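This document opens with one chain alone, in structure tokens, the form predicted alone.
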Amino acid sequence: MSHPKRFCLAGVMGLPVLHSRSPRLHNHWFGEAGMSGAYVPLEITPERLEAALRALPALGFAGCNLTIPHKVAAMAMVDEVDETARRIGAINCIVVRPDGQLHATNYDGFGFVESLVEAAPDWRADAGPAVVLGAGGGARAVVVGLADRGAKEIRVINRTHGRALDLAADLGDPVVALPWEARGEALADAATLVNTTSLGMEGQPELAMDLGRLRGDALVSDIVYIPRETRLLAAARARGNRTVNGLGMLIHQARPAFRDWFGVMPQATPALRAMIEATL
């Protein structure tokens, strides 16, 4: 599907935002679909966020993505927030309706699950308990994605236990909160382990995690992609577990956003992944 008489425009709002790989993704898809358009980084300060969002229709934008620090604040600045985004407590995608109204959703959970299925087509959320490390926005998106995919038990473990308790209270079954000290024991029968904390990221402390009790067939994921293989993923791979980094989540959350804006559902091809990996 092409739009020969229309210049398609979208972008990502954040602060900072120039490091984002999203422009490379979306501009690649414009070319692949034979569409004339541009996806641009928009460095927006918090005090100018609402004005920037309200300018989208007049500027001809089909919509935009939101990244740190705007995912939560923007919820009060749009006209409609769907149920998925409300459960996650943040938005990452805004669509400009034909009447100029701003509709918001969150595709992070979708992107996460799709990244697991891409890496391990036989993976199932209901194959056993899932352990999620962290209780921030990334964790909430992962938990909602797992729950919607059929996970029967999701053990949320955070360094600040109160935040894990809050997440469990907000989302309810199948979520349970466990203390940080119990992270090793919580792996005993887990089929999926996900790190959503900053531990292990470039420039951050390492994640101290004993994988000794983890099932040999468990899938281990880290939602960061810099570095491409964290120490957690390296340790899991060394013991024979399948591993997934966060690059697939980034790519797959972008696909339905592009579809919502421009009517084309792009694909996550090996060539696209290789192009993004070359920039890391």
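All residue numbers are counted from 1 along the displayed sequence. Fair warning: this is a prediction, and the values are worked out from it, not measured in the lab.
Note that the form predicted together with a small molecule isn't included here; everything after this is about it.
Per the 4.5 Å heavy atom criterion, the small molecule in the predicted complex is contacted by stretch 221 to 229, the sole one of 27 to 35, 43 to 51, 234 to 242, 221 to 229. Mapping the unseen interface onto this chain, G136 counts among the residues with a heavy atom inside 4.5 Å of the small molecule in the predicted complex. Put simply, L178 is far from the small molecule in the predicted complex: not one heavy atom of it is within 4.5 Å.
A residue is said to contact a partner when one of its heavy atoms sits within 4.5 Å of a partner heavy atom; T160 meets this definition for the small molecule in the predicted complex. A residue is said to contact a partner when one of its heavy atoms sits within 4.5 Å of a partner heavy atom; M249 meets this definition for the small molecule in the predicted complex.
This chain is drawn without the small molecule; in the predicted complex, the residue among L165, V117, A127, L199 with a heavy atom within 4.5 Å of it is L199.
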